[in-house]
Each structure stands twice: as C-alpha cells, then as structure tokens.
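Consider the single chain below, provided in structure tokens and representing the form predicted on its own.
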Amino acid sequence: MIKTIKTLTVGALALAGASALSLSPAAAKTTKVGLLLPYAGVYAALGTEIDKGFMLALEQSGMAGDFKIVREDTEVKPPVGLAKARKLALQDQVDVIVGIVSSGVLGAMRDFIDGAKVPLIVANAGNNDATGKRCSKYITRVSFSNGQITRPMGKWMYDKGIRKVYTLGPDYAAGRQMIEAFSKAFTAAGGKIVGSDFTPFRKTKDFGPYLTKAKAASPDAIFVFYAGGEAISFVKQYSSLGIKKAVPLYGAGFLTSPLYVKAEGPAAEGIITSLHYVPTIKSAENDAFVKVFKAKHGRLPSEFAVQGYDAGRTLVEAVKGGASGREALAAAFAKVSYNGPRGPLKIDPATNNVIQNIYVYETVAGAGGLTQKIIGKIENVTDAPNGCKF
C-alpha cells in the first residue's frame, strides 16, 4: 500500500530513518532522469521551483542516490525543447523525462515522445490536448490541465450569485483554454459572458484600455487568466486604475500565486481565484511538506514546487514498486495514487491526466504578509477523455 507524504517526511524531519524507505532489491538499478525545464528567461522561476520540489521528493524518499539527473534548458522555445528531448532520449539514454513548463514545448515534443516510447512526466504544461485528443500512453501529467483549473469556477461563481462576467486572458493556447473552460461552465450554469478580450501574449504592458472596456460592460465580476510577470502587472494596474473599487476580480490561481504575490502587494488583496494547491491547505501531509520546504528554502512552497514534488514522488513510487526501463515506468506512472500536499492524487487511466481537488481561495493580509484563505473546495476534478484513445 502506498505511503502518504506524512510517512515520507518523517525521515526528512528527523534527519534520520531514510533506510526505512530504501530501494528494494528488485529496483536496485539506477534510473536515469532527464529534467527538462526552463532555467533562464521568462519562466526561469517556475523551472527552478519545479526542480526544487522534484529534488525534495527524491531526498525524502531516501533514494536520491538511485537516480542520475541530466538537466537541460528548454529556453521556452518549442524547437529547442524538441531538440533537448531528442538529446536526452537518444544520446543520454534517459529512462524518463520530467518537467516541461510551456504547452508549446509539450506540443512540439509530443510526437517524438510517443514515437520514441520514452515516458514523460509533465510537471506543469497544461495544454488540454496533451491528455485529450493528442494523448499518449507515454505521457503522464501530474500538474493540471488548463480546463481543470477554471472549469469548476463557472458553477461556483454562479452559485454565489454572480450572473454577468467579463473575461480577459493572454492570446495563446493556455489563455484561450483557461477562459473557454470557465465560460462554458459559467454559461451552462445560467450565467452570461457580457464581453471578452485576449491581450497580446508577453507584449501587453498597458492593460488600461482592456480594464476600462471591461468596467464599461457593467459586469458583476471580471474573470481572468494571467501568470508570471503579466499577472503582476495586471493585478497592480487593476488596483491603480480604480477598477478594483468598482468590479471584483476572479481568476485562475496563477494570478495570485504564492511564488510572486509578494510582488503584487496590497493590490492582490480580495482577489478570489481557483487552483490545485495553496500552502494553507490544512492536512498532515501538507503541514509536513510546508515545514520541510520552508526549512530548506526559507519560504513557503508554491503550486510549482508541489508539481515538481509530485513528479518526483510519482517516479519514486513507480521505482519502489519495481518498475525499471521505459515501458515499465510508463505503465507504472498511470497506476500511482497517494495522499500528498494538495490532497488525494491519482492518475485517470482514461487520459493519464491527474485527478485532484481544486481550491477556491481569497488572497488576504496575514500576520506574515499576504496569504491564502481557502473559501471553497471542489473535490476529485476529472477531465473527460476529449478524444483520448490509447
């Protein structure tokens, strides 16, 4: 029976007892891992955070020495990501590739991964198609799908009395999929989308015209998806332009991620978003994880750290179970399930996408700065196959 994170963290917290989780003789072979993440540029912080979470999982398992890590930088460029995946699989002969932040990079790699039959654990990229119509038995996602994050908010907001919403998001695959999933769920519940705009991705510096247009539509709320530097800029302008006083803001939780909410400051207070993980989840597993991560890195973990952790934990569980080699690992990943920092986590055999809870939270001021107040939970959110056939 798979142990919970609480069991795994005992050795780390006590700085002893790792032998209790030592590798079984059947899995004594070193597993070679290609860690494929952005380590420079716009998504470097995300890549670094995933790396930290991944390595923490290996360390806590007592099995870190049984894995050989080869790191490569995707540079958030699809052709580069594909070239690095080829290098890892063909030249370095890794047993498994872990990582991928950009959905564009994931899309570029998909056919190679499937054809080369090298297992991939996706630790971020949320493109719906990767576990939908372009799924592969060699691709397992432990992070989220874009629709999985925002779809539950449609009904949740309608149930809270919100009837008219204006949507905004960046004009690229993730932005459109996040907004589309919310909009479909909201209108299905009975709500009305009174307007929508997509802003040029990574080019929009001034959100003023878009926010002004949204306010003029007289919605009950604005719903958005932005992440990284765009999230910081958007939240600050939403407040400074006075829109915050007139229209409440909702969105995907990346908008107020613990990784950069400090940079948003008081402008983030009162914003309500949905996400698969926040460090304020109350459970023994999350309490233990937060304690260890904070002791090691001096701050609270973000959703990206947990995604890296769960990618590592999934790999560890597969190897502990005796999986060795590409085919065996790919098959084992789809069978992993356990209670972790975000709650129950398992892989849907119909899609190889994660099944997980989605938390609705408000960013509020706490004694130590901004924090996340959980005000809702949608349990066991599962994607439909959406054309996935193995």
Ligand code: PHB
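For clarity, every value in this text was computed on a predicted model and none was experimentally measured. Residues carry their position along the shown sequence, with the first being 1.
The following text describes the form predicted together with P-hydroxybenzoic acid, which does not appear among the structures shown.
Site annotation in the predicted bound form: the residue of Pro279, Gly126, Gly154, Pro219 reaching within 4.5 Å of P-hydroxybenzoic acid with a heavy atom is Gly126.
For the residues Asn146, Thr167, Ser302, Asn286, the 4.5 Å heavy atom test against P-hydroxybenzoic acid in the predicted bound form is passed only by Asn146. The closest non-hydrogen atom of Ala227 lies within 4.5 Å of P-hydroxybenzoic acid in the predicted bound form. Contact check for Ile179: every heavy atom lies farther than 4.5 Å from P-hydroxybenzoic acid in the predicted bound form. P-hydroxybenzoic acid is not shown here, and in the predicted bound form it never comes within 4.5 Å of any heavy atom of Leu37. Using a 4.5 angstroms threshold between heavy atoms, Ser102 counts as touching P-hydroxybenzoic acid in the predicted bound form. Of the candidate stretches 286-294, 208-216, 102-110, 312-320, only 102-110 contains residues with a heavy atom within 4.5 Å of P-hydroxybenzoic acid in the predicted bound form.
Along 155-190, these residues reach a heavy atom to within 4.5 Å of P-hydroxybenzoic acid in the predicted bound form: Tyr172, Ala174, Met178.
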